[in-house]
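Here's a solo chain for you in structure tokens, the form predicted on its own.
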């Protein structure tokens, strides 16, 4: 499988801090929980020394395999602010692995479960010759998959760190996602799929952030343009929608959104040491839900709750508390 966007070094010297990396594509057959056996392609990226402890890193449904800049692709990764020299996720000390989510290319138009993602990761580890992960770090959707992986493949991971995720979706958050998917469907019916997808993403942004942040950033009076009233946040939301539709398809959005709502793990089956991070103001994975999960996990567990104006997106923005949690999880004294 071609990985044309995993670029080789250019003639210019790359920064010395960029770690060695490899990109792989593989085809495999996977039995999906709700759709039977299918042939799928996995697109994997590995950063760091081949002999270093292996850690799987996974983010939200719009994250991808490119976690951090490296010697084959110097573009910033989706978690660039958290991964790097001297950090808990230091590619000089760890072998960091990730892949594109099943369904992210928009070609897999079937119900996809977080259990399917976990099983695909096990297939990827087989292809890479990795019997056991030192750890699995998952944020948002990635945290759900981390829990599934620990439940389904406990012998293949030493510990997990779960950020802003729980054993099942919160009912209020599921209702919100249902509206987003209906917006996409309405756009398709009106021959305006791109607009529908953009609006769904804009609505999603409101669930990722908090009223406190919007009050701080967009506390300006509305203005009238062309006879219409525009609030201060509209340009920001439109830009978020535009960036999203430039990279993602409606099918990918809908199927991965559904995947969150299909997620369910029995906490009693998660029998590896677990670190949990919850954020006050995150109503997609509220602290009380994460704390309830912690109380039901049979293995050693730690649960930290932080304050952040960024809500569910705190794992992308709050670098220091996230790094502390990951350091305690991956590099215990």
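Numbering follows the first chain given and starts at 1. Values in this document were obtained by computation on a predicted structure and should not be read as measured data.
Heads up, the form predicted together with another copy of the chain isn't pictured, but that's what we're talking about next.
Exercise for review: Evaluate residue 176 for contact with another copy of the chain in the predicted bound form, applying a 4.5 angstroms cut-off between non-hydrogen atoms, and reply yes or no.
Suggested key: Residue 176: contacts another copy of the chain in the predicted bound form.
Check your understanding: residue 95 near another copy of the chain in the predicted bound form, any heavy atom under 4.5 Å?
Key -> No.
Check your understanding: Quick one: is residue 229 in contact with another copy of the chain in the predicted bound form, heavy atoms, 4.5 Å cut-off?
Key -> Looking in the predicted bound form, residue contacts with another copy of the chain include residue 229, since a heavy atom lies within 4.5 Å.
Review point. Might residue 103 be said to contact another copy of the chain in the predicted bound form, defining contact as any heavy atom within 4.5 Å?
Key: No, residue 103 stays farther than 4.5 Å from another copy of the chain in the predicted bound form.
Exercise for review: Within 4.5 Å of another copy of the chain in the predicted bound form, counting heavy atoms only, one of 143-151, 76-84, 197-205, 156-164 shows up; tell me which.
Suggested key: Stretch with heavy atoms near the partner: 197-205.
Check your understanding: Would another copy of the chain be touched by all three of 49, 62 and 275 in the predicted bound form, meaning a heavy atom each within 4.5 Å?
Key -> Checked in the predicted bound form: no contact with another copy of the chain for any of the three.
Point to revise | Contacting member of 131, 107, 219, 242, with respect to another copy of the chain in the predicted bound form [4.5 Å, heavy atom] | key: The residue from 131, 107, 219, 242 that makes the contact is 219.
Review point. Out of 174-199, which residues reach within 4.5 Å of another copy of the chain in the predicted bound form, heavy atoms considered?
Key: The stretch 174-199, when checked against another copy of the chain in the predicted bound form, contributes 174, 175, 176, 178, 179, 181, 182, 183, 186, 187, 188, 189, 190, 191, 192, 195, 196, 199 at the 4.5 Å heavy-atom cut-off.
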